[in-house]
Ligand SMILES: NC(=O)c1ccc[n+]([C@@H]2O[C@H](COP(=O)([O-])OP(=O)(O)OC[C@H]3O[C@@H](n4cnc5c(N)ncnc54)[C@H](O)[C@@H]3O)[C@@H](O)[C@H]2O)c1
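Quick setup: one chain, the form predicted alone, written in structure tokens, and binding and motion questions come after.
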């Protein structure tokens, strides 16, 4: 039997990048996948990819910063499937990528609202059902920036530090409630070859005087031990493991998948 046979997995930010890779891998492991994105075409394209290879998927268009929309999403999933086994909060934005002194209040609020508050809204919407069943996997997507911040990254780093704190606090509360059937963990990706890395390259490569490929290699990939960009499937593999029964003893952790960019 596959590791996620007949489980119901909800993935926010499922329309691109890491979220897309997780949707496809979860489906390959037998899960019913709910692909959530604020871009309808992207969500449906990934759901169609899943169905094209014989998997089970639906798409939902949701703005995760809209509390009522998130609550409605949870109600829709429970009504359709009768349960939710896995929640992955992968939706995120890269932030202002500038000096703190040049980061606008609006940019700060947007980054915190999507990356941190949106994570909270989604967990809060699905958690009561998991508590009722004493079963579930909550997997948040933080970042190595949630452990080791970089300059020109204050809003993003703050939001991702917050995601780790939220996840660990949730794990402690689950223990207090004696809900050992539910785990809460954060994944901290390093530099992954996704549209976000493309956007960072677009922003900073022109001033670097390097070619686009040199910039990706020398300014981004060289920061880790393996001197490479990760593939989104590598992050998805960690999520698939955390979603499995084999990972029932792992909770309250912030797990790096970063090719050795940070070592703690």
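Positions refer to the first chain, counted from 1. Small disclaimer: the values here were computed from a predicted structure and weren't measured.
The same protein also exists as the form predicted together with the named molecule; that form is not shown, yet it is the one meant from here on.
Of the candidate stretches 74-82, 186-194, 172-180, 128-136, only 186-194 contains residues with a heavy atom within 4.5 Å of the named molecule in the model of the complex. 42 is the sole member of 28, 224, 201, 42 with a non-hydrogen atom within 4.5 Å of the named molecule in the model of the complex. Proximity to the named molecule in the model of the complex, taken as a non-hydrogen atom within 4.5 angstroms, holds for one residue of 157, 96, 123, 93, which is 93.
The three marked residues, 16, 64 and 141, each reach the named molecule in the model of the complex, with a heavy atom inside 4.5 Å. Contact annotation: residue 38 falls within 4.5 Å of the named molecule in the model of the complex, judged by heavy atom distances. Although the partner is absent here, residue 114 lies within 4.5 Å of the named molecule in the model of the complex, judged by heavy atoms.
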